[in-house]
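Here's a solo chain for you in structure tokens, the form predicted on its own.
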């Protein structure tokens, strides 16, 4: 029987300098460390498949390095397919979308992202609706409408190209807990969907079960990860560079290692009959390969026994 769920993993590997290291043994002896295990796409994609993932979600900031090695999206997707991996989607940020004068520029960038993702064969353009709150918030009603207008226009273009645009809010975004749901209501459900990041919604101060039940018909895909921070204070969410401050705090944990009601949420996903890509994110993990394996185990051996 075919699976309903296809498991993907977000590419947070940062710079991968090589396409394939053929002289692996000689390369190891250059510094006799484990660095050679994380420097070519051949092994990175092997890790994805070996730890139970069938897809990879790309980050736009990685594309210059990827295309520098593979020249074209088609060459990369063929290489990935040879490892049993396909591109599930790509992250995208609608920076400056709250500024009316930037509308044309934002929409053009969104359409370009759709074209890029289509060239990679991906399905989901998971889109942060705007800049960080710091320096841009609080939004007025006009700013929120400007964001919705940009998303609607990009979403319509995406839908016409076989791509699902999914709003992906971050807990430190200019659209925050006081207007996050309002933004969703301002967008067109026919072409603007939702990528539910299970941790980000909770960090923002929302209830993930209630949010899912309210918007389950809009959800086209997931970023699945855990957190131990059930709501973050305004002064933290609105601060500068909160997610990347290097103070040792982990906002995100592997599924099952935080406090989210993941089993209950997954039961509701099953009851609703969701089918499609679910992307695990392990950003912030100190041991990335171990996190990938632990996350895959939880998804398939714990949640998978409920629904897959």
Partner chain sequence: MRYAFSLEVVDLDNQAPNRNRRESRYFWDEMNHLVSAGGFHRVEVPYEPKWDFGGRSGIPRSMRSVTTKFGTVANYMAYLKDNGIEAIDCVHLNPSLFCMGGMPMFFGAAGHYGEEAIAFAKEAGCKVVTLSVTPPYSKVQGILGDADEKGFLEGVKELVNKLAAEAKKAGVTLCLKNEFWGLLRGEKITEFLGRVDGDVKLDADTANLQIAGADVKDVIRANRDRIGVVHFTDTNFADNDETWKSALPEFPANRATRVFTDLGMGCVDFPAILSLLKEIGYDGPVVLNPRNSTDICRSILRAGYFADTVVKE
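These numbers were taken from a predicted model, which means no experiment stands behind them. Residue numbers count along the first chain shown, from 1.
Beyond what is shown, the protein has a form predicted together with its partner chain; the following relates to that form.
Peer 1: Pick from 236 to 244, 46 to 54, 259 to 267, 272 to 280: which stretch has a heavy atom within 4.5 Å of its partner chain in the predicted bound form?
Peer 2: Of the stretches listed, the one contacting the partner is 236 to 244.
Peer 1: Does its partner chain get within 4.5 angstroms of any non-hydrogen atom of residue 13 in the predicted bound form?
Peer 2: Residue 13: contacts its partner chain in the predicted bound form.
Peer 1: Is residue 42 a contact residue for its partner chain in the predicted bound form, using a 4.5 Å heavy atom cut-off?
Peer 2: Residue-level check for residue 42: no, no contact with its partner chain.
Peer 1: Considering only heavy atoms, tell me if residue 285 and its partner chain come within 4.5 Å of each other in the predicted bound form.
Peer 2: Answer yes; at least one heavy atom of residue 285 falls within 4.5 Å of its partner chain in the predicted bound form.
Peer 1: Is there a non-hydrogen atom of residue 251 within 4.5 angstroms of a non-hydrogen atom of its partner chain in the predicted bound form?
Peer 2: Judged by the heavy-atom cut-off of 4.5 Å, residue 251 is well away from its partner chain in the predicted bound form.
Peer 1: Is it the case in the predicted bound form that 21, 30 and 68 each bring at least one heavy atom within 4.5 Å of its partner chain?
Peer 2: The answer is yes; 21, 30 and 68 each reach its partner chain.
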